[in-house]
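Just one chain follows, in the form predicted on its own, and it is written as structure tokens.
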């Protein structure tokens, strides 16, 4: 019987997507946007780009874990919205944090159990949970508003050792994900499941348990993005996370992670997120219609997915 390591290509190849191509595209896009919109390279706008990109990076990192296994999580945007709605509830700080964590774990568990144990397709399962969570968010906070605790606003808008808070949030998310993916057996199992779940199961990988854990982690990263976003907009908003479902998938796909599973790149995800953020910011500076921006982002995702080879029907 083959060993687990035999299920995967050499670690450097299995864990690294074409991030250098993403970096090259990012450089080109930055040059084009800077030429088209001179305000792009101003310190104020670059700070704004960092603040805009941070929640996307955090969300996309969690999405990467799910996609490596061959899954997909469409519920992350609704969970971000629900988190911002929870944060502005009139609750003690510890109770609010526990409630947000409980909500994320519940959503992730329901998604994971439905997909791993009930064999519901990831798109259908997370689409259904997205609808439910969005409804709960709207019930919790029907209209934008509320007061964000000062410690959250300080953690989002402050700095640490001279570094902007946005970079600190991204660094923490990347370090956590890098440890899980590259330094634990759990990370190796993710690639094995995405590469061939049946072979992984035959080699002792607890496929169902790991899938459930992966969706829980995706929800927890989305919750973290919700905390950051709430501090940034200084209110709760049941619709603020809507765009992150599509944008996080686009960022992950741009970063070289295969949507059919088995191949993923954390560096690529970060660069892909920055690329999506720069494109969005550039279109805003060039006064591109918000509706047209949705069309462009959808076309971008379609283009990226079209060049990926699918290993099985349905993904």
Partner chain sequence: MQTKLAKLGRSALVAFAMMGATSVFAEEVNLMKGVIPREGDDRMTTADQFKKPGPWKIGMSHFGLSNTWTIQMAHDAEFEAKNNPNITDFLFRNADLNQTKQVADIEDLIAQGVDAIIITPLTPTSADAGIKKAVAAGIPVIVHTGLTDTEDYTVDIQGGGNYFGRVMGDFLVKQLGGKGNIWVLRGVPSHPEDINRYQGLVDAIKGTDIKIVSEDYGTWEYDGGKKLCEAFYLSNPDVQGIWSSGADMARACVDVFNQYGAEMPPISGEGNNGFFKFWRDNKLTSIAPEYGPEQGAAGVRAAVALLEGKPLHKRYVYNPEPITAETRDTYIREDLSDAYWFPTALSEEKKQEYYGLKK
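Just so we're on the same page, rigid core means the largest C-alpha set that superposes within 1.5 Å between forms. Treat the numbers as computed from the prediction; the structure is a model and nothing was measured. Positions refer to the first chain, counted from 1.
Omitted here: the form predicted together with the partner chain. The next part is about that form.
Taking 204, 154, 93, 142 one by one, only a single residue has any non-hydrogen atom within 4.5 Å of the partner chain in the model of the complex, and it is 142.
Residue contact check for residue 36: none of its heavy atoms lie within 4.5 Å of the partner chain in the model of the complex. The partner chain is not drawn, but in the model of the complex it has no heavy atom within 4.5 Å of residue 160.
The closest heavy atom approach of residue 220 to the partner chain in the model of the complex falls outside 4.5 Å. Although the partner is absent here, residue 244 lies within 4.5 Å of the partner chain in the model of the complex, judged by heavy atoms.
Only one segment in the set 228 to 236, 177 to 185, 99 to 107, 161 to 169 has any non-hydrogen atom within 4.5 angstroms of the partner chain in the model of the complex, and it is 228 to 236.
Counting a residue when any of its non-hydrogen atoms is within 4.5 Å of the partner chain in the model of the complex, the hits in 29 to 51 run 39, 45, 48. Once both forms are fitted on their rigid core, the CA atom of residue 260 lies less than 2 Å apart between the shown form and the other one. Once both forms are fitted on their core, the CA shift for residue 246 between the shown form and the other one remains under 2 Å.
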